[in-house]
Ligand code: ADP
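As structure tokens, one chain now follows by itself in the form predicted alone.
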């Protein structure tokens, strides 16, 4: 009996060890599976948060486009109704100007009427530009060449020397897939706004145009920044700055930046506004390369 017990004990110990090893393996596999499930759950939660944010942004964009479409239809109808009688006023004013050529005081009155009519016509043109469906013909465009043209057009606003515009080589050397005329209008509007903002700086106004080429999600993009050293943008204004008919100026239709926003979107691009880290405003345009 003693010999049998001696023989069975090592076998029993081996079986127990094997069982413990198997159990440990099961626990290890369970822990690994649990850890993977926990990691997958965290990733899923992150994806849900990201997708909810993307959905919120898309819904906001869709809502904005719906509002703009409705507003555009109304504005287009009003613009056409205004332009028709406006043409008649301009015609009669020009006839009066011809007949009163020898009478200085009445002639000045008529010229003021003509000037007012022209201002109204520009407003109507802005409304139509905002509401009309834009045809964007994209081709490789040298950004530097467009900036030179824009600077030439801005010379009268820079004549007093209170504002200096700096075109960085990083922007001048870029090529973008864009409609050249639309890009000119985009940069012209942003540059004029920046010049106005920088002009209020008593220490001297400065405007910078910078750029870079980069890759995002497999696509090559061009980024252009137009920055100034003005007083910046108030938070309450920042959220409405691209809304049509919104303006902080005493004159103007408030359609300039709304038109720019629409032209950038027509390119499949994005425009944002922010305050710079050192003060002033920064408008960023991102276009396909």
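None of the values given here were measured: they were computed from a predicted structure. Residue numbers count along the first chain shown, from 1.
The discussion below concerns the form predicted together with this ligand, not included here.
Screening 254-262, 27-35, 55-63, 40-48 for residues having heavy atoms within 4.5 Å of this ligand in the model of the complex returns a single hit, 254-262. A heavy atom within 4.5 Å of this ligand in the model of the complex is found for exactly one of 197, 143, 79, 163: 197. Under a 4.5 angstroms non-hydrogen atom cutoff, this ligand in the model of the complex has residue 193 among its neighbouring residues.
Taking non-hydrogen atoms only, residue 69 never approaches this ligand to within 4.5 angstroms in the model of the complex.
The closest heavy atom approach of residue 271 to this ligand in the model of the complex falls outside 4.5 Å. Residue contact with this ligand in the model of the complex: residue 237 places a heavy atom within 4.5 Å of it. For the stretch 196-235, the set of residues having any non-hydrogen atom within 4.5 angstroms of this ligand in the model of the complex comprises 197, 228, 232, 233, in sequence order.
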